[in-house]
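Just the one chain here, the form predicted on its own, laid out as structure tokens.
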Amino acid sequence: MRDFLKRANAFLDAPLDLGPRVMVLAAALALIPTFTSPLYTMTMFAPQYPDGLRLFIYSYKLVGGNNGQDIPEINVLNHYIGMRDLVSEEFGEFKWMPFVIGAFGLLFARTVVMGKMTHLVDSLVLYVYFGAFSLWSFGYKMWVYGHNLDPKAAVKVAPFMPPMYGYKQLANFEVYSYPALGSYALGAAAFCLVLAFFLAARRARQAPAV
């Protein structure tokens, strides 16, 4: 056990070379588009909407297509089936997600400056947890919207869940949901962190135990 702890301490205390630091810096820069670009896009087609209704989901707001007019139109349709209106205030994620992403930018910058394996491990583990929790939160929110329907609604539909990725037929609507630039930026940051870890781990394994 003592030898294991020595090796673990030596691994975590190993300094980061230039390569891993550059990759962590790239991860920090990759977070910038999440403040300016949508994370997800949803498009709904129906015979009465041949051009589609579009919803853009940012890290801090909802934006409708057609200069914002698609959200009121979607909410009118939601009213008929008993679904709650889509409004930014209903999404608690919009209150904390930009703050958390900004905190990760600072955490990555700390890793670049202080430059030890332990800082990289902290950044990677916390970021993976953030990504997993964000996906779960997004999926759960969509499930709640599609299952908590007003029983007194004018049009009765079976509970449903909009697609998190790809295509799904919902009543007479064809719904398409795909990640947008903001999500790809988050994925790029994760890739940079993983690559930085593997680059650093090769050198850290060679660090002598103290």
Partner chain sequence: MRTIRATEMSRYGLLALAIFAVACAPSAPKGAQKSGGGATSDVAIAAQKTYVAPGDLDEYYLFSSGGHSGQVYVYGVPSMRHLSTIPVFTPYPGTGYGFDDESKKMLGDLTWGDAHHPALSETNGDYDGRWLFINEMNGRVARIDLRDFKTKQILGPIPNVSGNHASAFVTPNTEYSVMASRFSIPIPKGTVAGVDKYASDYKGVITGVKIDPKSGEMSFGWQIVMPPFDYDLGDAGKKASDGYVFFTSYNTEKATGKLEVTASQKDRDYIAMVDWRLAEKSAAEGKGKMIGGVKVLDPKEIPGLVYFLPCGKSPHGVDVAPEGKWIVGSGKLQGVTTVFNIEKIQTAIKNKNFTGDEDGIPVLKYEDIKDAEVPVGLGPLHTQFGPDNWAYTSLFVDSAIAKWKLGTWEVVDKVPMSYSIGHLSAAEGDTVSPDGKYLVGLNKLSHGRHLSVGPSQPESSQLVDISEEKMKLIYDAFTEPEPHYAQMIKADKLHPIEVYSKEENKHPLAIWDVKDAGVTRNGNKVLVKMVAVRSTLTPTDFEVKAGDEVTIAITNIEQTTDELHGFGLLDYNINIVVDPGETKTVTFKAKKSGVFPFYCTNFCSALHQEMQGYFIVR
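Residue numbers count along the first chain shown, from 1. These figures come from a predicted structure and were not determined experimentally.
What comes next is about the form predicted in complex with the partner chain, which is not displayed.
With the partner omitted here, the residue from E93, D122, E73, D85 that has a non-hydrogen atom within 4.5 angstroms of the partner chain in the predicted complex is E73. Only one of the listed residues (Y49, F35, Y176, W143) places a non-hydrogen atom within 4.5 angstroms of the partner chain in the predicted complex, and that residue is Y49. Only one of 132-140, 95-103, 74-82, 108-116 places residue heavy atoms within 4.5 angstroms of the partner chain in the predicted complex, namely 74-82. When the partner chain is considered in the predicted complex, A158 lies well away from it, no heavy atom lying within 4.5 Å. The partner chain in the predicted complex is approached by Q69, whose closest heavy atom lies within 4.5 angstroms of it. Residues of 167-193 that come within 4.5 Å of the partner chain in the predicted complex, judged by any heavy atom, do not exist; none qualify.
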